[in-house]
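Coming up is one lone chain in structure tokens, specifically the form predicted alone.
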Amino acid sequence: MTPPEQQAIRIKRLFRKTRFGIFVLFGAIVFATSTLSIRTVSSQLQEEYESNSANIAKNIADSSVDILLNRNLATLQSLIDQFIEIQSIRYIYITSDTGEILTHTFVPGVPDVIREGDPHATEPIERSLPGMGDFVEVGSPILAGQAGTVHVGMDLDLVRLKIQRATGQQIALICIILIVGVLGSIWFVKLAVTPLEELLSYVVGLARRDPGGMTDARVLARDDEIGEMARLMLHAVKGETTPGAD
């Protein structure tokens, strides 16, 4: 292996830590951005679905006052059956002021977890129903709770699926940026390595007193730091070889 080739290998080793540092930096940015994106999208989507479910429960509560006063449970059942067709809403049930379940959309019957829960709860509650999945349940009181409470269950599995899709697209974009950034950084490092390799090759020529290497016009013509260093070294070598320089 010739000295210029050995110098080129040394330069590549010199920038090895730089390339590794760039890769680690971009990786840390992708990890931090992905984590923040997942948390933000997850919380925003869940809050949005909970808000929509709460609005639906309130609409049902407002619409069912007269129906409950007339004890028309068939009409009440028809009312909640219309809302159950909304995406992400998996179940609805209405309890009386005494906690009795007046009507519901469960098939074939009301799960024991629901029967054992607080019939007057209105705050979001996470429930896991056997054979059905995981849900967030919100409630809305009817006539301030004097006529009962409407409970709406939102499917968490569907929310998680939408979160995965939304975050997956963002992570894919971030990964593309990572790959492009790393490849771009490698290319920029190569741009920095090439003139250094030329300078080292030129220095080797000076050390050998190679006339062709000492007058390498490509290096000497550069108007940057590499060219300045090459001209300075050439001047120093010529000074050493000139009789009476001392």
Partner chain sequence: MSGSRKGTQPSDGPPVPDRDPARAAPPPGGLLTRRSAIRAGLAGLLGAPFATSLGASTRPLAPGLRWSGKQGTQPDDEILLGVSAAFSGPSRGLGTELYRGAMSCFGQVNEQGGVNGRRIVLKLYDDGYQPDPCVENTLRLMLEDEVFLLFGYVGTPTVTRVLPLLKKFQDQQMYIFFPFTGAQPQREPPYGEFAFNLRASYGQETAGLVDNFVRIGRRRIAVFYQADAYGRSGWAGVRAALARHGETIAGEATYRRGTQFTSVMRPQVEILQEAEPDAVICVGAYAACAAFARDAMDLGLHVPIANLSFVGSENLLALLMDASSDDPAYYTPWLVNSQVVPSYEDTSIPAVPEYRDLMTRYDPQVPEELVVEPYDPFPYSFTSLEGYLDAKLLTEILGRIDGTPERSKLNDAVFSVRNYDLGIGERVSFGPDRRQGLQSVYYTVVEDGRFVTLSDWDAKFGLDATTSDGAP
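Since this is a predicted model, take the numbers as computed values, not measurements. Numbering follows the first chain given and starts at 1.
The protein also exists as the form predicted in complex with the partner chain; that form is not presented, and the subsequent description refers to it.
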Taking the partner chain in the predicted bound form as the reference, which of Glu116, Glu126, Glu85, Glu123 has a non-hydrogen atom within 4.5 Å? Glu85
Would you kindly say which of Ile171, Leu102, Leu158, Ala147 lies with a heavy atom within 4.5 Å of the partner chain in the predicted bound form? Leu102
Evaluate Pro130 for contact with the partner chain in the predicted bound form, applying a 4.5 angstroms cut-off between non-hydrogen atoms, and reply yes or no. no
Flag Gln164 as yes or no: does it have a non-hydrogen atom within 4.5 angstroms of any non-hydrogen atom of the partner chain in the predicted bound form? no
Taking any heavy atom pair closer than or equal to 4.5 Å as contact, tell me whether Cys175 reaches the partner chain in the predicted bound form. no
In the predicted bound form, does Leu143 come within 4.5 Å of the partner chain, counting heavy atoms only? no
Using heavy atoms only and a 4.5 Å cut-off, decide whether all three of Ala74, Ser78 and Asp81 touch the partner chain in the predicted bound form. yes
Do any residues of 109 to 140 have a non-hydrogen atom within 4.5 angstroms of the partner chain in the predicted bound form? If so, which ones, in sequence order? Gly109, Val110, Arg115
